[in-house]
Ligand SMILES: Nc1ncnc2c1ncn2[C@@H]1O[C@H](COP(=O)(O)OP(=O)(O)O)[C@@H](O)[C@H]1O
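Here you get one chain, nothing else, as structure tokens; it is the form predicted alone.
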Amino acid sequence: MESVQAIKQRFGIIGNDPKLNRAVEKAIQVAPTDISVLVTGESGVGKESIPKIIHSLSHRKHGKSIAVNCGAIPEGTIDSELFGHEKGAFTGATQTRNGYFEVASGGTIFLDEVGELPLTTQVRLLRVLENGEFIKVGSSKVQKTDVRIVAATNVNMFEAIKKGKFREDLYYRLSTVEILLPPLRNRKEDIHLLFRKFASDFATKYKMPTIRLTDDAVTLLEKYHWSGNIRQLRNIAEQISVLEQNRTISAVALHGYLPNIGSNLPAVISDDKKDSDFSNEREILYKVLFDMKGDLNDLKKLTMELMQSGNNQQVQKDNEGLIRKIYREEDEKEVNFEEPTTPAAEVLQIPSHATSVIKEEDKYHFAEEIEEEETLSLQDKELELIKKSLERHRGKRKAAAEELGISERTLYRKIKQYDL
């Protein structure tokens, strides 16, 4: 068995981080077997190197090794790509096609971004993992395949399972052995080493002197967050190699190539945090509503005091004016012979969004209080005014409507409503 250092040199893996070495060691140990492997880690950490190591050290090394980017294949065609299809299976299927699992039989398939697979394809993949069987699209014939599956993902699989985007049984079949590659920001000592390797490669490629970093630039390089990991570091090394005239790069010059310098990427807010924030906002809204309820109660008490002090006529006059105003607004609209359904929130000038969270018992509480104060009931005043007007005009609706300041049609609807 080859050593970890020899394997890293053979596959161009640079770095001496203990977690990186452990990942390579696990790949070497699992290679001679046929068990499935799941490679995890952030985007850009170099997950594609692990399947190459596993395939080259396995007994399948003389068979085919196919890498499939599951996230790059459209959902409607991925089943055909992986398992093949029969002629006429769908529009455009002019001939029978063999899928990757049939072509790579006896070898290894690397499923990159396996977390992006549709649920229907996950069911088919689970069957391949369990008994090596698959069915082509448009066929009823069960076929056998002998492939080693190595998958990779940068998705949090437990979160995906929790949200129903990935099958739990498939996850445990894929992750018989799980290999985690650390992010570049956790490999501080490897960052400058990788940069020097990339700078040397690009100097050879573009036939120009190799760029070098000053001490303060190296410090800046190692402190940076590197959200894009090795891929981002390589891109920046290439930019500097091509664009900079001075081949000695200072921290000031390097600063211009590092986006979001001085700050990490925005933290991802967990669902628990979101729920907590929503709960706090809801509590504040309840408090505002309860304060509004208190203000309404105070207003009603003040009204009662005014009525008891001999201002009944003024209150009645105000109520009559309010009724007339409501009627005039109704007449301006297209009125049907149905009872209006004006929400109480509009009369009390409560925001419509606030009424949805008022407790049911609070609604009944308000209703009971209003019923007790009969002198403030708009409905009673309305009925009383209509009766008096009809009696005064001996049942003539047109004359009564003119006196009330409403249309005859509205009066007719009110007569039906109150069964007069």
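The numbering used is simple: start at 1 and walk along the sequence shown. Here the structure is a predicted model, which is why all the values come from computation and not from measurement.
As for the form predicted together with the ligand, it is not shown, yet the points below apply to it.
> Can you say which of 27-35, 382-390, 59-67, 40-48 gets within 4.5 Å of the ligand in the model of the complex, counting heavy atoms only?
Replying inline: Looking at the partner contacts, the answer comes out as 40-48.
>> Is the ligand in the model of the complex close enough to 12, 187 and 194 that every residue in that trio has a heavy atom within 4.5 angstroms of it?
In response: Each of the three qualifies.
> Within a 4.5 Å heavy atom cut-off, is residue 127 in contact with the ligand in the model of the complex?
Replying inline: No, residue 127 stays farther than 4.5 Å from the ligand in the model of the complex.
> According to a 4.5 angstroms non-hydrogen atom cut-off, is residue 144 in contact with the ligand in the model of the complex?
Replying inline: Flag for residue 144 set to no.
>> Can you tell me whether residue 231 touches the ligand? I mean in the model of the complex, with a 4.5 angstroms heavy atom cut-off.
In response: Taking the distances in the model of the complex, the answer for residue 231 is yes, it comes within 4.5 Å of the ligand.
> Using heavy atoms and a 4.5 Å limit, would one call residue 198 a contact residue for the ligand in the model of the complex?
Replying inline: Because a heavy atom of residue 198 falls inside 4.5 Å of the ligand in the model of the complex, the answer is yes.
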